[in-house]
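One chain is shown next in structure tokens, namely the form predicted on its own.
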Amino acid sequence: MTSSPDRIRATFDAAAKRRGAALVTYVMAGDPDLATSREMALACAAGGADILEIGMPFSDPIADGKTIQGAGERALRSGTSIASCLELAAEVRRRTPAAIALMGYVNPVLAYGEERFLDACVASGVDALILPDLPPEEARAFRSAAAARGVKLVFLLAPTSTPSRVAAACDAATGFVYFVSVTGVTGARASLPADLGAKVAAVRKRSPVPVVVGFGVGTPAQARAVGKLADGVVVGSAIVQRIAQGGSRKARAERVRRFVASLSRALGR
């Protein structure tokens, strides 16, 4: 059983044809409940997102800042599990052609069972996996199992990554490389590093797959600036903040859709 078609490649090919960057949006599954998070993901798609990154909550999220940690805590309180994240992904897949990437951590995947998890990803229409605490040097078996099923893997790089780590991540990634724009955890920032362009250019030169930039991108202006440097732009905390503002499910969805549409326009969509 393999995942089909290759929506990740098609997404970046389409962005390249329009000479722009792909928009990747993040929503935490189960925040504040599964039904609402499903509608938030679909609101992102309606706003023009190319790839829907769906978070799987975990009790020790080493890469997440305060905003997404809070979303994860709300999701865990609502009873969200790996299985329910996969069910949510399947529901989203039935309602949108956008690519879907699950983002989470290794321990829950190991507890669920690696091959069982990958099979469920295929059945749910998941295109890619982002596991920040899976080092490329230790991912050989998981990479093989994912490749056999057509599930793409994404590896992260930071501004402090050594040349050997850059090479390892670029060689291991089959979906895209996720370049973290700032040292530290997720969260919108007032400004982005002055040397971001040079660092991203170096990774793009080395990588055989697209390179996206995330962590710290929270406004249309920032998205536009990063979109000129990278193959894709990730916006997460700024979306989660808008979900957390409350209101009815419909009101939250419209707020998210409008914001994502503003990001999409900033990227020339």
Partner chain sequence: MTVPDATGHFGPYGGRYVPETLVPALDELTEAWQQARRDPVFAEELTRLLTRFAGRPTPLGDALRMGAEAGGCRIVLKREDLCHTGAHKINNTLAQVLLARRMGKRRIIAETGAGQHGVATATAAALFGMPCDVFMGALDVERQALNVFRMQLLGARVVAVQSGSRTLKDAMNEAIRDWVTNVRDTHYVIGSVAVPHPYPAMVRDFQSVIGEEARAQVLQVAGRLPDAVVACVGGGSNAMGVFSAFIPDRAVRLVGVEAAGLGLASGKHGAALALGRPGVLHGSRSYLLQDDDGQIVEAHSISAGLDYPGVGPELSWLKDQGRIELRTATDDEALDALGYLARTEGIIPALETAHAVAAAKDLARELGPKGLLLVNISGRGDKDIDHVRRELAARQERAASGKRRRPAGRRPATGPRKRPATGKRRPS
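Remember, it's a predicted structure, so these values are computed and weren't measured experimentally. Numbering follows the first chain given and starts at 1.
The next section is about a form of this same protein that is not shown, the form predicted together with its partner chain.
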{"item": "Residue (of T36, Q222, Q69, S207) lying close to its partner chain in the predicted complex, criterion heavy atoms within 4.5 Å", "value": "Q69"}
{"item": "Answer option from R77, R149, R95, R165, heavy atom within 4.5 Å of its partner chain in the predicted complex", "value": "R165"}
{"item": "Partner proximity in the predicted complex: G218 to its partner chain, non-hydrogen atom cutoff 4.5 Å", "value": "no"}
{"item": "D31 within 4.5 Å of its partner chain in the predicted complex, heavy atoms", "value": "no"}
{"item": "Proximity of I130 to its partner chain in the predicted complex, heavy atoms at 4.5 Å", "value": "no"}
{"item": "Contact test in the predicted complex: L156 vs its partner chain, heavy atoms, 4.5 Å", "value": "yes"}
{"item": "Per-stretch contact check against its partner chain in the predicted complex, the hit in 141-149, 77-85, 121-129, 95-103 (non-hydrogen atom, 4.5 angstroms)", "value": "77-85"}
{"item": "Neighbours of its partner chain in the predicted complex among 105-133 [non-hydrogen atom within 4.5 angstroms]", "value": "V106, N107, P108, L110, A111, P132, D133"}
